[in-house]
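Next up: just one chain, as structure tokens, the form predicted on its own.
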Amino acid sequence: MSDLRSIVIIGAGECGICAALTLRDEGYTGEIALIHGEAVEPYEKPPLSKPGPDGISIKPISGTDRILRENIAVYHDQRVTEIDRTIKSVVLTNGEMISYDRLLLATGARPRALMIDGREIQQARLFRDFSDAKAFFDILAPDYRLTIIGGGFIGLELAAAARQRQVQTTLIESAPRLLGRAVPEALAARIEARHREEQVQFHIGQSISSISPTRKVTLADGTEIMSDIILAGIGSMPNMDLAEQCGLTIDNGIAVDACFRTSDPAIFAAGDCCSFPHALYGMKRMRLESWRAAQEQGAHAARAIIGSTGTYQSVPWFWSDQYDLTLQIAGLPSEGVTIVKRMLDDKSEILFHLDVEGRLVGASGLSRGNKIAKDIRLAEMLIAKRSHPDHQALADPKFNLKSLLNA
């Protein structure tokens, strides 16, 4: 650590903020420059799709009040235009050059633009940041006609928020079902049914043939949907332009090792922008987009920057709130081949996902309220221990899962 005098972090989201504060917590006393591309203070992204009765407001990232006290220089409303690996420096939009001994890319991801016939559809809004969220919710009004393209988490959360504002909401998903990549079919079906109770109109398994300048959406089967607002929530892309420009290895994001080091030993990457080998899943390379993963990876990368050689093994975790439903997912359900169901009550269920050897690799739960939280947390701990739990114990709601941790 003694030879490190300057560390630059590009990105002041959860990952970048956590990395900066972890460096100080671990005793690093050198210079830290935090490049923040927005004029407002660093803020949490998840609340943007879940506004309160008064609309959107900024929720500062936990710990931002410490930044100035910890002598961390924040460059607000500045972006990095170039990384020069030869002289170890970055160039900002205002022309300023900052040198580094170590560089952390925490650049996150951006929503994928809607393309039809190779052309970006400008009528389809994207939901990226505070300004997008504010513009979207400021214009929503009762009886407006909102069309959401994409049946993933962001599309469904915004559909729920819109219906709570009495907005006429239609959702189009080209895949055969909602939440196809991340959520088991049984839970996705319950979430869809809850949206239908709230009168969301669905077109599932339908592609879009055209969108007119007046926001008329025409589906492949000829159905026409008139819209006042169109929003595209069709996935995201890692922000890796800087990494590509300076010649770093790319593989579904900025490729890093288990310590979040890129192909350049002086440059690290963490959070939504990177892909990494996960020790819990046979070093399978993956890219995670979640609030907690951004924090944990930022902290892990910070420790690696100052000399730690520990391997990243944190269990993936994600949640989504829609109406009165809470969804939580721990681990990677897609890695499982066997499902064991645990019904806590008639509205609350957890699915445990086990691999071919009976090892618990994921857990997904859905309830009204937060009744699943305790068992999902225990499942997360069992996943971390590479546990092979008894199926009957998992299925029995009266059985205390905590006892399996000592097995």
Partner chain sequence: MSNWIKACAVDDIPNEDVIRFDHGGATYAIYRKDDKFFATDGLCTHEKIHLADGLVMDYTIECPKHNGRFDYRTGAAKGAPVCIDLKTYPTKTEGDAIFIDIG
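Values in this document were obtained by computation on a predicted structure and should not be read as measured data. Numbering follows the first chain given and starts at 1.
There is also a form predicted together with its partner chain; it is not shown, and the following applies to it.
**Q** Could you tell me which stretch in 290 to 298, 277 to 285, 254 to 262, 153 to 161 has residues with non-hydrogen atoms within 4.5 Å of its partner chain in the predicted bound form?
**A** That would be stretch 290 to 298.
**Q** Give a yes/no on whether Lys402 approaches its partner chain to within 4.5 Å in the predicted bound form, heavy atoms considered.
**A** Lys402: contacts its partner chain in the predicted bound form.
**Q** Using a 4.5 Å heavy atom cut-off, state whether Lys347 contacts its partner chain in the predicted bound form.
**A** Answer no; every heavy atom of Lys347 is more than 4.5 Å from its partner chain in the predicted bound form.
**Q** Quick one: does Thr147 come within 4.5 Å of its partner chain in the predicted bound form, counting heavy atoms only?
**A** No, Thr147 sits far enough from its partner chain in the predicted bound form that none of its heavy atoms falls within 4.5 Å.
**Q** So, Ser227 and its partner chain: in the predicted bound form, are they within 4.5 Å at any heavy atom pair?
**A** Looking in the predicted bound form, residue contacts with its partner chain do not include Ser227, since no heavy atom lies within 4.5 Å.
**Q** Its partner chain is absent from this chain, but in the predicted bound form, do Gln328, Lys374 and Leu378 each have a non-hydrogen atom within 4.5 Å of it?
**A** Checking in the predicted bound form: Gln328, Lys374 and Leu378 are all within 4.5 Å of its partner chain.
**Q** Within 4.5 Å, heavy atoms only, which of Phe127, Phe202, Tyr312, Trp317 is in contact with its partner chain in the predicted bound form?
**A** Contact residue from the list: Trp317.
**Q** By the heavy atom within 4.5 Å rule, which residue out of Ser57, Thr29, Thr338, Ser62 makes contact with its partner chain in the predicted bound form?
**A** The option sitting close enough to the partner is Ser62.
**Q** Hey, which residues along 21 to 46 are within 4.5 angstroms of its partner chain in the predicted bound form, non-hydrogen atoms only?
**A** Sequence-ordered list has one entry, Glu44.
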